[in-house]
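Just the one chain here, laid out as C-alpha coordinates, in the form predicted on its own.
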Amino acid sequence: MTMFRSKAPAARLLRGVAMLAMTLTMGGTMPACAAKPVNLTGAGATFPYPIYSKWFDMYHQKTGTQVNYQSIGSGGGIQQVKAGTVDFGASDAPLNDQRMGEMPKPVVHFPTVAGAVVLAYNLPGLKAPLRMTSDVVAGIYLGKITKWNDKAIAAANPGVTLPAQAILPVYRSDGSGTTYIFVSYLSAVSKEWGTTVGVNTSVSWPAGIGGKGNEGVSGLVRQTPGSIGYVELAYAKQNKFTVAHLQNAAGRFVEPTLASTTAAANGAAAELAKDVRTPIVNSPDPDAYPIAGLTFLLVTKDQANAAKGRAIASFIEWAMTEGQEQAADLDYARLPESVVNVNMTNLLSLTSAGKPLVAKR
(Lines give C-alpha, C1' and ligand atoms only; values in the text may rest on other atoms or scores of the structure.)
Protein backbone atom coordinates (compact mmCIF):
# COMPACT_ATOMS: atom_id res chain seq x y z
CA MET A 1 0.00 0.00 0.00
CA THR A 2 1.40 3.38 -0.95
CA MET A 3 1.87 5.96 1.81
CA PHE A 4 0.82 8.94 -0.35
CA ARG A 5 -2.60 8.92 -1.91
CA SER A 6 -3.13 12.59 -2.73
CA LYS A 7 -4.10 13.25 -6.34
CA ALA A 8 -1.42 15.93 -6.77
CA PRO A 9 1.58 14.56 -8.71
CA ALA A 10 4.72 14.20 -6.63
CA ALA A 11 6.71 16.12 -9.25
CA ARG A 12 4.44 19.15 -8.79
CA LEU A 13 5.00 19.07 -5.03
CA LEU A 14 8.75 18.86 -5.46
CA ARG A 15 8.76 21.81 -7.87
CA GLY A 16 6.78 23.81 -5.32
CA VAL A 17 9.20 22.83 -2.56
CA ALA A 18 12.15 23.87 -4.69
CA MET A 19 10.61 27.30 -5.31
CA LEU A 20 9.75 27.68 -1.62
CA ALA A 21 13.28 26.84 -0.54
CA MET A 22 14.53 29.68 -2.73
CA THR A 23 12.23 32.23 -1.12
CA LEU A 24 12.89 31.68 2.59
CA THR A 25 14.58 35.05 2.96
CA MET A 26 13.04 38.46 3.46
CA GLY A 27 13.39 39.52 -0.12
CA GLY A 28 13.08 36.08 -1.69
CA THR A 29 16.21 36.64 -3.79
CA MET A 30 18.73 34.21 -2.29
CA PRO A 31 18.60 30.69 -0.84
CA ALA A 32 17.86 30.45 2.89
CA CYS A 33 20.91 28.24 3.40
CA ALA A 34 23.13 31.14 2.26
CA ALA A 35 22.02 33.27 5.20
CA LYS A 36 24.16 33.42 8.32
CA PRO A 37 23.31 30.43 10.57
CA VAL A 38 21.35 31.25 13.71
CA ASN A 39 20.70 29.37 16.94
CA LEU A 40 17.12 28.37 17.80
CA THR A 41 15.58 27.21 21.06
CA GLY A 42 12.51 25.03 21.39
CA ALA A 43 10.74 23.02 24.07
CA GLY A 44 7.79 20.72 24.49
CA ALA A 45 6.49 17.27 23.59
CA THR A 46 8.43 14.16 24.57
CA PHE A 47 6.75 11.87 22.01
CA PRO A 48 8.55 13.33 18.94
CA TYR A 49 11.87 13.90 20.73
CA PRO A 50 13.74 11.02 19.02
CA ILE A 51 12.92 12.24 15.51
CA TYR A 52 13.35 15.91 16.42
CA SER A 53 16.77 15.12 17.83
CA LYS A 54 17.76 13.42 14.59
CA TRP A 55 16.26 16.18 12.46
CA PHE A 56 18.01 18.95 14.36
CA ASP A 57 21.34 17.17 14.06
CA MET A 58 20.91 16.57 10.33
CA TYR A 59 19.75 20.13 9.73
CA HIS A 60 22.67 21.55 11.69
CA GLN A 61 25.09 19.58 9.52
CA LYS A 62 23.30 20.78 6.40
CA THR A 63 22.86 24.48 7.22
CA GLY A 64 24.84 25.37 10.34
CA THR A 65 21.61 26.27 12.19
CA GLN A 66 21.75 24.83 15.70
CA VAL A 67 18.58 23.95 17.60
CA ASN A 68 18.52 23.45 21.35
CA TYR A 69 15.35 21.47 22.14
CA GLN A 70 14.19 20.61 25.66
CA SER A 71 11.90 17.58 25.89
CA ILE A 72 9.78 18.78 28.82
CA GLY A 73 6.28 17.73 27.74
CA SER A 74 3.55 19.35 25.69
CA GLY A 75 2.24 21.49 28.54
CA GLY A 76 5.68 22.88 29.25
CA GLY A 77 6.20 23.72 25.61
CA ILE A 78 2.90 25.58 25.44
CA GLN A 79 3.75 27.58 28.56
CA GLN A 80 7.15 28.57 27.20
CA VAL A 81 5.62 29.76 23.93
CA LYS A 82 3.15 31.80 25.97
CA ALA A 83 5.99 33.27 28.04
CA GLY A 84 8.08 34.00 24.95
CA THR A 85 11.11 32.15 26.30
CA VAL A 86 11.55 29.87 23.25
CA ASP A 87 11.62 30.37 19.49
CA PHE A 88 9.06 27.59 19.00
CA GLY A 89 7.12 25.09 21.06
CA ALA A 90 6.04 21.51 20.46
CA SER A 91 2.84 19.78 21.51
CA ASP A 92 0.94 16.58 20.76
CA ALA A 93 -2.25 18.41 21.74
CA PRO A 94 -3.13 21.44 19.60
CA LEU A 95 -4.23 24.66 21.27
CA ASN A 96 -7.99 25.00 21.41
CA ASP A 97 -9.63 28.34 20.69
CA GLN A 98 -9.54 29.39 24.34
CA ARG A 99 -5.82 28.67 24.72
CA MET A 100 -5.10 30.30 21.37
CA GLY A 101 -6.78 33.42 22.74
CA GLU A 102 -4.55 33.34 25.82
CA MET A 103 -1.39 33.59 23.74
CA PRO A 104 0.20 37.05 23.53
CA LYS A 105 0.41 36.68 19.73
CA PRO A 106 -1.35 34.39 17.23
CA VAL A 107 0.25 30.95 16.89
CA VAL A 108 0.48 28.77 13.76
CA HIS A 109 0.38 24.97 14.11
CA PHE A 110 2.64 22.86 11.89
CA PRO A 111 2.10 19.08 12.14
CA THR A 112 5.40 17.24 11.70
CA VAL A 113 4.69 13.48 11.92
CA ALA A 114 1.78 11.27 12.89
CA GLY A 115 1.61 8.74 15.68
CA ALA A 116 -0.74 6.00 16.82
CA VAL A 117 -1.91 5.16 20.33
CA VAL A 118 -2.29 1.42 20.77
CA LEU A 119 -3.94 -0.81 23.34
CA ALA A 120 -1.48 -3.27 24.87
CA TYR A 121 -2.90 -6.06 27.01
CA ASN A 122 -1.68 -8.89 29.22
CA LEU A 123 -3.53 -12.13 28.46
CA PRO A 124 -1.06 -15.03 28.44
CA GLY A 125 -2.04 -17.90 26.18
CA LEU A 126 -3.81 -15.93 23.47
CA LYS A 127 -1.93 -16.20 20.20
CA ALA A 128 -3.74 -14.02 17.68
CA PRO A 129 -4.22 -10.30 18.45
CA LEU A 130 -7.62 -9.50 19.86
CA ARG A 131 -10.10 -7.52 17.83
CA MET A 132 -11.92 -4.68 19.56
CA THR A 133 -14.76 -2.43 18.50
CA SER A 134 -15.10 1.18 19.62
CA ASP A 135 -17.94 0.15 21.95
CA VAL A 136 -15.64 -2.34 23.64
CA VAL A 137 -12.80 0.16 24.13
CA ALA A 138 -15.16 2.80 25.52
CA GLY A 139 -16.95 0.23 27.66
CA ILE A 140 -13.70 -0.94 29.25
CA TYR A 141 -12.55 2.57 30.15
CA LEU A 142 -16.03 3.57 31.34
CA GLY A 143 -15.91 0.60 33.69
CA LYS A 144 -18.92 -1.08 32.05
CA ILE A 145 -17.10 -4.03 30.45
CA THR A 146 -15.30 -5.72 33.31
CA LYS A 147 -14.57 -9.30 32.17
CA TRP A 148 -12.46 -10.49 29.25
CA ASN A 149 -15.12 -13.03 28.24
CA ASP A 150 -17.77 -10.30 27.95
CA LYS A 151 -20.13 -11.03 25.07
CA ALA A 152 -19.14 -7.81 23.26
CA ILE A 153 -15.48 -8.88 23.16
CA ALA A 154 -16.42 -12.46 22.25
CA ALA A 155 -18.58 -11.25 19.35
CA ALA A 156 -15.59 -9.56 17.72
CA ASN A 157 -13.38 -12.62 18.27
CA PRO A 158 -15.29 -15.72 17.10
CA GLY A 159 -13.53 -18.99 17.86
CA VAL A 160 -11.27 -17.44 20.52
CA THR A 161 -11.52 -18.82 24.05
CA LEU A 162 -11.51 -15.82 26.34
CA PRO A 163 -10.78 -16.09 30.08
CA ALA A 164 -13.37 -15.16 32.69
CA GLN A 165 -10.83 -12.75 34.12
CA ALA A 166 -11.32 -9.25 35.43
CA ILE A 167 -10.17 -6.42 33.16
CA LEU A 168 -7.91 -3.80 34.71
CA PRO A 169 -7.77 -0.65 32.55
CA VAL A 170 -4.53 1.31 32.94
CA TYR A 171 -4.21 4.99 32.07
CA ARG A 172 -1.68 7.81 32.26
CA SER A 173 -1.68 9.51 35.66
CA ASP A 174 0.28 12.46 34.25
CA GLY A 175 -1.00 14.96 31.71
CA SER A 176 0.08 13.93 28.24
CA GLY A 177 -0.52 14.31 24.53
CA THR A 178 -0.96 10.53 24.38
CA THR A 179 -3.92 10.80 26.72
CA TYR A 180 -5.30 13.67 24.65
CA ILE A 181 -5.31 11.52 21.51
CA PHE A 182 -6.83 8.53 23.30
CA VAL A 183 -9.67 10.45 24.97
CA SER A 184 -10.30 12.37 21.74
CA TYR A 185 -10.99 8.97 20.17
CA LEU A 186 -13.23 7.91 23.06
CA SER A 187 -15.21 11.14 22.77
CA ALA A 188 -15.56 10.66 19.02
CA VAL A 189 -16.98 7.14 19.33
CA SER A 190 -18.87 7.37 22.65
CA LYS A 191 -21.45 10.05 23.39
CA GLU A 192 -21.38 9.02 27.04
CA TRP A 193 -17.62 9.56 27.24
CA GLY A 194 -17.90 12.93 25.54
CA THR A 195 -20.55 14.20 27.95
CA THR A 196 -19.26 12.69 31.21
CA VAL A 197 -15.46 12.67 30.86
CA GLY A 198 -14.51 14.77 27.85
CA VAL A 199 -11.17 15.61 26.24
CA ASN A 200 -8.02 16.98 27.84
CA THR A 201 -4.41 16.02 28.44
CA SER A 202 -5.57 14.73 31.83
CA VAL A 203 -9.10 13.60 32.78
CA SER A 204 -10.99 12.04 35.69
CA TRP A 205 -10.99 8.37 34.78
CA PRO A 206 -14.15 6.37 35.60
CA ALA A 207 -12.23 3.12 36.12
CA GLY A 208 -8.76 1.62 36.41
CA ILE A 209 -5.41 2.68 37.81
CA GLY A 210 -2.82 5.19 36.65
CA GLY A 211 0.84 4.94 35.74
CA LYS A 212 3.21 7.80 35.08
CA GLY A 213 4.40 8.06 31.51
CA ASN A 214 4.59 5.29 28.94
CA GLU A 215 6.97 3.53 31.30
CA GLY A 216 4.47 3.51 34.16
CA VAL A 217 1.59 2.28 32.01
CA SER A 218 3.64 -0.42 30.34
CA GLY A 219 5.08 -1.56 33.66
CA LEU A 220 1.62 -2.06 35.12
CA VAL A 221 0.41 -3.91 32.02
CA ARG A 222 3.48 -6.13 31.96
CA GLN A 223 3.16 -7.04 35.65
CA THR A 224 -0.62 -7.47 35.86
CA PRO A 225 -2.43 -10.33 34.08
CA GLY A 226 -5.79 -9.14 32.76
CA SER A 227 -4.68 -5.55 32.38
CA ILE A 228 -4.91 -3.29 29.33
CA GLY A 229 -3.31 0.10 28.76
CA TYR A 230 -2.67 2.66 26.04
CA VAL A 231 0.84 3.54 24.86
CA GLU A 232 2.39 5.03 21.74
CA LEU A 233 2.97 2.67 18.80
CA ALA A 234 6.72 3.27 18.73
CA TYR A 235 6.96 2.40 22.41
CA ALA A 236 4.84 -0.74 21.99
CA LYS A 237 6.99 -1.94 19.08
CA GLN A 238 10.21 -1.35 20.96
CA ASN A 239 8.87 -3.31 23.94
CA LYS A 240 7.27 -6.07 21.83
CA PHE A 241 3.81 -5.69 23.33
CA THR A 242 0.78 -7.57 22.03
CA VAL A 243 -1.66 -4.94 20.80
CA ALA A 244 -5.31 -5.01 19.76
CA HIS A 245 -6.59 -4.57 16.20
CA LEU A 246 -9.34 -1.95 16.30
CA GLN A 247 -12.42 -1.54 14.17
CA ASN A 248 -12.28 1.73 12.26
CA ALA A 249 -15.04 4.01 10.99
CA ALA A 250 -15.27 1.98 7.78
CA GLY A 251 -15.98 -1.18 9.79
CA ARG A 252 -12.59 -2.85 9.20
CA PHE A 253 -10.40 -4.26 11.95
CA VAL A 254 -7.02 -2.60 11.43
CA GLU A 255 -3.59 -3.32 12.82
CA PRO A 256 -1.74 -0.26 14.11
CA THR A 257 1.11 0.34 11.67
CA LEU A 258 2.95 3.31 10.23
CA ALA A 259 0.94 2.95 7.01
CA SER A 260 -2.44 2.80 8.76
CA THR A 261 -1.46 5.84 10.83
CA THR A 262 -0.57 7.85 7.72
CA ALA A 263 -3.90 6.75 6.23
CA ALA A 264 -5.67 8.29 9.24
CA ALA A 265 -4.13 11.68 8.48
CA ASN A 266 -4.91 11.33 4.78
CA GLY A 267 -8.55 10.58 5.54
CA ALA A 268 -8.86 13.86 7.45
CA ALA A 269 -7.07 15.93 4.77
CA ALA A 270 -10.10 18.00 3.76
CA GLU A 271 -10.80 19.05 7.34
CA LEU A 272 -7.12 19.61 8.08
CA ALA A 273 -6.95 22.01 5.15
CA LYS A 274 -9.63 24.10 6.92
CA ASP A 275 -8.09 23.77 10.40
CA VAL A 276 -4.88 21.83 10.90
CA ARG A 277 -5.86 21.29 14.55
CA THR A 278 -8.66 18.93 13.50
CA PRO A 279 -8.35 15.54 15.28
CA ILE A 280 -7.59 12.61 12.99
CA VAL A 281 -9.11 9.98 15.30
CA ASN A 282 -11.79 7.70 13.84
CA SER A 283 -10.72 8.69 10.32
CA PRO A 284 -13.06 7.71 7.46
CA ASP A 285 -10.19 6.32 5.36
CA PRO A 286 -10.85 2.57 4.97
CA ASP A 287 -7.19 1.76 5.71
CA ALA A 288 -6.92 4.05 8.75
CA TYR A 289 -6.09 2.97 12.26
CA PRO A 290 -8.64 4.84 14.40
CA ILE A 291 -6.54 6.12 17.35
CA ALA A 292 -4.04 8.38 15.63
CA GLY A 293 -2.86 11.92 16.11
CA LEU A 294 -0.49 14.55 14.82
CA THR A 295 2.28 16.22 16.78
CA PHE A 296 2.83 19.93 16.19
CA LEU A 297 5.39 22.68 16.16
CA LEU A 298 3.88 25.86 17.60
CA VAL A 299 5.26 28.96 15.91
CA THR A 300 4.36 32.58 16.65
CA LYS A 301 2.83 33.96 13.48
CA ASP A 302 4.60 37.34 13.60
CA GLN A 303 8.23 36.77 14.52
CA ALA A 304 10.07 39.36 16.61
CA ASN A 305 13.39 38.30 15.07
CA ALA A 306 13.23 38.06 11.27
CA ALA A 307 16.41 35.97 10.97
CA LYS A 308 15.12 33.41 13.44
CA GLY A 309 11.73 33.43 11.73
CA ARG A 310 13.32 32.65 8.39
CA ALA A 311 15.39 29.88 9.99
CA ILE A 312 12.27 28.30 11.52
CA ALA A 313 10.45 28.48 8.18
CA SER A 314 13.42 26.98 6.36
CA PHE A 315 13.64 24.13 8.86
CA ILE A 316 9.93 23.33 8.54
CA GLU A 317 10.24 23.27 4.74
CA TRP A 318 13.15 20.82 5.07
CA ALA A 319 11.26 18.67 7.60
CA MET A 320 8.34 18.37 5.19
CA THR A 321 10.60 16.98 2.43
CA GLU A 322 13.94 15.42 3.28
CA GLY A 323 13.06 15.10 6.95
CA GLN A 324 10.00 12.94 6.26
CA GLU A 325 12.29 10.28 4.80
CA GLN A 326 13.68 9.66 8.31
CA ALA A 327 10.30 9.02 9.98
CA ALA A 328 9.81 5.29 9.42
CA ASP A 329 13.28 4.36 10.70
CA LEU A 330 12.30 5.82 14.07
CA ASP A 331 8.79 4.29 14.10
CA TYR A 332 6.93 7.48 13.23
CA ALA A 333 4.36 7.76 10.45
CA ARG A 334 5.24 10.28 7.77
CA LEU A 335 2.71 12.88 6.77
CA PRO A 336 0.64 12.26 3.65
CA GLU A 337 1.22 14.65 0.77
CA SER A 338 -2.10 16.35 1.47
CA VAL A 339 -0.95 17.48 4.94
CA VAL A 340 2.51 18.44 3.66
CA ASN A 341 0.72 20.77 1.22
CA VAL A 342 -1.23 22.36 4.09
CA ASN A 343 2.02 23.07 5.92
CA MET A 344 3.61 24.58 2.81
CA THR A 345 0.64 26.91 2.44
CA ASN A 346 0.71 27.89 6.12
CA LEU A 347 4.39 28.82 5.88
CA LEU A 348 3.26 31.75 3.74
CA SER A 349 1.40 33.19 6.75
CA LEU A 350 4.56 33.72 8.82
CA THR A 351 5.64 37.35 9.09
CA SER A 352 8.07 39.66 10.90
CA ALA A 353 6.95 43.21 11.64
CA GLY A 354 3.96 42.38 9.45
CA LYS A 355 6.08 41.55 6.40
CA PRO A 356 6.01 38.00 4.94
CA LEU A 357 9.00 35.82 5.75
CA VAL A 358 8.27 33.55 2.80
CA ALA A 359 7.66 35.14 -0.60
CA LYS A 360 4.66 33.79 -2.46
CA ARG A 361 5.55 32.48 -5.93
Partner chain sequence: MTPERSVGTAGAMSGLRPRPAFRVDDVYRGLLMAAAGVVFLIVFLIAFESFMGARLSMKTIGWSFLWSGEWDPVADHYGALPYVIGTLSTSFLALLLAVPLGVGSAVYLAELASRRLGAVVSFVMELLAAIPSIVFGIWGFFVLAPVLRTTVEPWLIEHFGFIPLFSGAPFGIGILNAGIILAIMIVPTIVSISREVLLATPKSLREASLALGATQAESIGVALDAAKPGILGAAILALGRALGETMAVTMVIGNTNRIPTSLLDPGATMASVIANEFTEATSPIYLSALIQIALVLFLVTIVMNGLARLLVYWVTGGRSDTAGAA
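Quick caveat, the model's predicted, so the values are computed rather than measured. Positions refer to the first chain, counted from 1.
Separately, the form predicted in complex with its partner chain exists; it is not shown, and the next lines address it.
Only one segment in the set 109-117, 257-265, 273-281, 221-229 has any non-hydrogen atom within 4.5 angstroms of its partner chain in the predicted complex, and it is 221-229. The partner is absent here, but in the predicted complex a heavy atom of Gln79, alone among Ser190, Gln247, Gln79, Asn157, sits within 4.5 Å of its partner chain. Put simply, of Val197, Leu142, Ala269, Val243 only one has a heavy atom within 4.5 Å of its partner chain in the predicted complex, and it is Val197.
Within 4.5 Å of any heavy atom of its partner chain in the predicted complex lies no heavy atom of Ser184.
The closest non-hydrogen atom of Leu168 lies within 4.5 Å of its partner chain in the predicted complex. Although the partner is absent from this view, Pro129 stays clear of its partner chain in the predicted complex, with no non-hydrogen atom inside 4.5 angstroms. In the predicted complex, its partner chain lies within 4.5 Å of some heavy atom of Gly73. Highlighted residues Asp135, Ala236 and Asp329: none comes within 4.5 Å of its partner chain in the predicted complex, counting any heavy atom. Annotation for 84-121: interface residues with its partner chain in the predicted complex are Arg99, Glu102 [heavy atom within 4.5 Å].
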